[in-house]
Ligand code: BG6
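One chain comes next, on its own, written as structure tokens: the form predicted alone.
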């Protein structure tokens, strides 16, 4: 059955940083490119007026670039504003009036999870939750227990198919490209298993620190910030089996099966690091043990992936900013050419950001009489300046009722079960120098003589 489109968009936290940086630019582009034409109601408790909200929206759209006055005028005409305390029934009564004839609104909770309960209950008691959908931002809890409590709060009012949990990483073009490359090319399936793949590495590197958000980072750390959500989602796309059919439920079912097959991470297979100088950041404890770097080994207990190690590494103040996947194939069993050792293995390399690049690593023969080779990469680059940013894609999908790029409650809980053991274990952090690849001890989790592949700066296309 085709899902009906939402007929009003309500976003709580309309005066916040997320709204300014992501939501307003997405809504502006949806009006400009897709003809979005439903009421857009900003909710806040900041004492603002509609004129001030419109001014903030204009500033946001202009900073996003490619500003078109006519398109913004259309967005401005759709905007409404409701100011009030999220715990006060009068606030939700005003929202119900602002919704007018809308009967299937979608509510975006761009607010701290601690406010979810009062907002969800306010929506329910005022009738604003009738036939409605709700969008929530990560983090989806701090551990398994808080994630389950958060789900109970949402499920008191909204059925699971009406809940859209945003992980903006799933809206990235590069991540979509990864999924497409896997299942649109028949040559991959015969080798995409333990018989041919030696290991898989994922590195998410950032060449900057916490950027003045020390107090926030003290609450999350690298594991909660990017490993439990972004990087486990990437592994799910790399390792899941092909879905049966085109339905969203089939894709979600395969991802859930894969999450449930991930073995809870052994704290002995985890290295936590902290860059030198982190404790000098405002809002950071003088003896903080929060990790700004994490490296770990993950196991997936299926017939396809048994005994194939998945290595994950994420950190701040590393040499470059890039997210990259390396799929290393096993080496040939014998050296065919006289006088040579067994050659290096082939590999696939997926650069997910900041560029979108797919490479196959191979060996070719040197010119000359001898049978000697050199490594080369067969490279496909993808760049479309007109592609949709993640928030634009995800908000559009949510309004249209498409849940394929959103995370299910069971998948969220399964992912927390994977990382919970290392969150509960008091692993010490090892200090590392900014600009390095993290603690040298991160090499200790590699097995079979493997080493980390360090992403490099991509050369420009010729």
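Positions refer to the first chain, counted from 1. Because the structure is a prediction, the values reported are computed rather than measured.
One more form of this protein, predicted in complex with the named molecule, exists but is not displayed; see below.
At a distance of at most 4.5 angstroms from the named molecule in the predicted bound form, none of the three residues 14, 83 and 107 contributes a non-hydrogen atom. By the criterion of a heavy atom within 4.5 Å, residue 169 is counted among the residues contacting the named molecule in the predicted bound form. Contact between residue 79 and the named molecule in the predicted bound form is not found at the 4.5 Å heavy atom cutoff. Contact annotation: residue 250 falls outside 4.5 Å of the named molecule in the predicted bound form, judged by heavy atom distances. When the named molecule is considered in the predicted bound form, residue 204 lines it closely, a heavy atom lying within 4.5 Å. Residues with any non-hydrogen atom within 4.5 angstroms of the named molecule in the predicted bound form fall in just one of 113-121, 303-311, 225-233, 272-280: 225-233. Of the listed positions (93, 260, 213, 74), a single one reaches within 4.5 angstroms of the named molecule by any non-hydrogen atom in the predicted bound form, namely 213. Checked against the named molecule in the predicted bound form, the candidates 353, 331, 148, 177 yield a single residue with a heavy atom inside 4.5 Å, and that residue is 353. Within 4.5 angstroms of the named molecule in the predicted bound form, the stretch 314-336 places a non-hydrogen atom from 316 alone.
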